[in-house]
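Take a look at this single chain, the form predicted alone, given in structure tokens.
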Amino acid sequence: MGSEADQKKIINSIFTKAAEGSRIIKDAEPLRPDYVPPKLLFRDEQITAVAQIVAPILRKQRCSNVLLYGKTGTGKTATARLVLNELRLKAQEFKIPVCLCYTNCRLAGTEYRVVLDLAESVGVKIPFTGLSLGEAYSRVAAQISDNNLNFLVVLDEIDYLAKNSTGNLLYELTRSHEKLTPGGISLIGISNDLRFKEMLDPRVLSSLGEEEMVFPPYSVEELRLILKERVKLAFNDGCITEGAVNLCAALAGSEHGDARRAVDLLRVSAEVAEREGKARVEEHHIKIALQKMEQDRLIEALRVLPLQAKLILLSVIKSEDSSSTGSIYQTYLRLSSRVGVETLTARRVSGILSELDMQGLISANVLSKGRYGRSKRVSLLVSKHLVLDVLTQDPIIAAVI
């Protein structure tokens, strides 16, 4: 065991290296998840289409609402923000009064906080608490109408708003053209979930999806060229091998062509190499970074599970026959009774097992038993010890582990 002086020496060495700067990274900004590059590769078609849709704003007309779909890391947000930035510059050049707002619904968390973002963009002060959602939105709408504003709103991760709210805000926003005279609100909705429309009120859907656009995943070769551009911007010369860049593109390309994940892999690989005291990133650093990211992703996915989902996952581990949904449900009944939470029906537990399956935490394959109906064969897909370590951090779950 090291002495107090030894510990301070180690800490001082780490901090000194950090203060001297990175030998590998010259600019970390291009490796950030919210970075919008000056040129967005392989998205000319989508950029052109979105720009054409929103162009009427510059003629002081309301533009069509549009939904942008695609898996994570396919350039939806970057395309919308790039077009929004250029639209803002053009409006300033021609002195056209245009109000623009970008908000991430998942980060905002609630309908009220989304309205706070809208209010700030149109110059209305709304208290953080104390108003109803209807009153807060009415003040925003009054500002738009009184000043004849053309308001373009980008709702990123709009599916979060649809899944976790009353739907009243989306209804008001999509019907605004009927109520706001003069002025108007146009929407760009961004979603990773092609199925989120199924939970929308049909009246909202008819207005929200006036135009739709699907962003395809990037190919491995496209990802390789995207990464090469980011390397030029972010890395010092000669600080990453070509093999490492190619491996990074291949790994991300095999998982739905996710550019965001590919760039994250670059960033974490550089951190791994720095900690090893290396002067450049090589292929084995990419592999180490991938393992670290996978574990971090699993830990975060487990940590944010709702209480009922945690109980059901623990029931899979503790069940005498973990492959049988009947045995899992009986274990769940015992555990939920012990912690004093509401007991869900077998059908709802089956639904949550399907959700855990979609997250890659378990495998829940449906089996046909002929005239005896159907059941699920359940198996854990992640380390049992990792699951228990994370679930133990929840004081309610810890009481029954």
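Predicted model only: the values in this text are computed from it and were never measured. From 1 onward, residues are counted along the sequence shown.
As for the form predicted together with a small molecule, it is not shown, yet the points below apply to it.
> With the small molecule left out of view, choose which of Arg59, Arg32, Arg348, Arg338 has a non-hydrogen atom within 4.5 angstroms of it in the predicted bound form.
In short, Arg32.
> If you check Ala234, Ala78, Ala141, Leu152 against the small molecule in the predicted bound form, which one has a heavy atom within 4.5 Å?
Partner contact (heavy atom, 4.5 Å) among the options: Ala78.
> My question is simply whether Arg334 lines the interface with the small molecule in the predicted bound form - judged by any non-hydrogen atom within 4.5 Å.
Output for Arg334 is no: heavy atoms all beyond 4.5 Å of the small molecule.
> Indicate whether Leu302 is a 4.5 Å heavy atom neighbour of the small molecule in the predicted bound form.
Because no heavy atom of Leu302 falls inside 4.5 Å of the small molecule in the predicted bound form, the answer is no.
> Quick one: is Leu40 in contact with the small molecule in the predicted bound form, heavy atoms, 4.5 Å cut-off?
Heavy-atom contact with the small molecule at 4.5 Å: present for Leu40.
> Quick one: does Ala259 come within 4.5 Å of the small molecule in the predicted bound form, counting heavy atoms only?
Judged by the heavy-atom cut-off of 4.5 Å, Ala259 is in contact with the small molecule in the predicted bound form.
> Given a 4.5 Å cut-off on heavy atoms, tell me which of 308-316, 106-114, 224-232, 124-132 is the interface stretch with the small molecule in the predicted bound form.
Going by heavy atoms within 4.5 Å, the stretch is 224-232.
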